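The data below hold one chain only, encoded as structure tokens and taken in the form predicted alone.
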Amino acid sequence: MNELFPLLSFLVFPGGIFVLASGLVYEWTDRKLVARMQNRIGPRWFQPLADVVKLLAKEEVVPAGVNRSMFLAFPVVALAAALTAALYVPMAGFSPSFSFRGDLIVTVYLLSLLTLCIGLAGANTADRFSIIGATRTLTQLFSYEAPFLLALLGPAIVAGTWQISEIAGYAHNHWLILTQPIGFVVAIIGLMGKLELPPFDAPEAETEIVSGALTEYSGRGLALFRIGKDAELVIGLTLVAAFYLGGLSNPLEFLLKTGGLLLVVAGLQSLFARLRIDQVVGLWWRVGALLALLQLLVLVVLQGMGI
């Protein structure tokens, strides 16, 4: 019995099953908020779960001309990376399950693995829509990962550590959104770009390239990719809230702060039309990355001056 308790806590709360369930809830909330802002009703509360169950029950068709092993492995690796990243994040306001010096860098790279798997999954097929979507996905990956990382390094620099738990602890007494507003904006937009949320959804534009890199995916593979994106949404919002909004100390604070960030994300999705891939990459790389670097330079100078 003593051996089962750590396993149950690892799976249920705030473990893997909790992360997956939270992802579905946050997906429904996001879709509902966007729908209401667009004067629509939106999905019912069980729609994301019903979609996933339906996909899991369907046959997974492996198209001709692909590497079968890689085709089946990419969704598993993508979801595993997202769930592993959750181990180092203060999910639901609790202390991370695991923590070590430098886990911030490991977490950011684990979150990048989902996008990388989607791009490689599309490049693995011969479908022209998938290849175009994969090209856009990988292009957008390089455009948003660096600014997102730079935005998270700002709190790390002022906290004097690269460990997520220590940065979150420092943030309990410091609302860094007030002293690092540029980093906060870059982090939010970078997260939306990573998840390919509107207006940064050129890699999966339905009116242009069907479903982008995942056009050839169905059944279990598509379900795993979808759950992985939902999990990454929760993890990303948790990181931003923990670093910029005064930390997370309990489940209620977690819900309020991540829910507030989700409202902002939904509002941005409703306000702007889809950007072309050249607009997404060129404008953001020139502006977002430079602003994040400028803020880091200022922080380093102030730290060196002892301010």
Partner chain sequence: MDMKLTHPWEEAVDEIRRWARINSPWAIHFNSGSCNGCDIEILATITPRYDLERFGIKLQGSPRHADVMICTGPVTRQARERLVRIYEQMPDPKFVVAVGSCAISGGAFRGCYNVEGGIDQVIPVNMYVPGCPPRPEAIIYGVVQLLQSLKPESQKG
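This structure is a prediction, so every number in the text was calculated from the model and none was measured. Numbering follows the first chain given and starts at 1.
One more form of this protein should be noted, the form predicted in complex with its partner chain, which is absent from this view; the next part is about it.
Check: So which of 100-108, 207-215, 166-174, 134-142 is the stretch with heavy atoms within 4.5 Å of its partner chain in the predicted bound form?
Finding: Result of the contact check: 207-215.
Would you mind picking the one in 264, 61, 70, 252 that has a heavy atom within 4.5 Å of its partner chain in the predicted bound form?
-> Residue within 4.5 Å of the partner: 61.
is_contact(residue 279, its partner chain) in the predicted bound form, heavy atom dist at most 4.5 Å
No, residue 279 sits far enough from its partner chain in the predicted bound form that none of its heavy atoms falls within 4.5 Å.
query: Should residue 246 be counted as a contact of its partner chain in the predicted bound form, where contact means heavy atoms within 4.5 Å?
result: Output for residue 246 is no: heavy atoms all beyond 4.5 Å of its partner chain.
Consider residue 50 of the chain shown here, and say whether it contacts its partner chain in the predicted bound form, taking contact as heavy atoms within 4.5 Å.
Residue 50: yes, in contact with its partner chain in the predicted bound form.
Taking its partner chain as it sits in the predicted bound form, is residue 268 in contact with it (heavy atom to heavy atom, 4.5 Å or less)? No, residue 268 stays farther than 4.5 Å from its partner chain in the predicted bound form.
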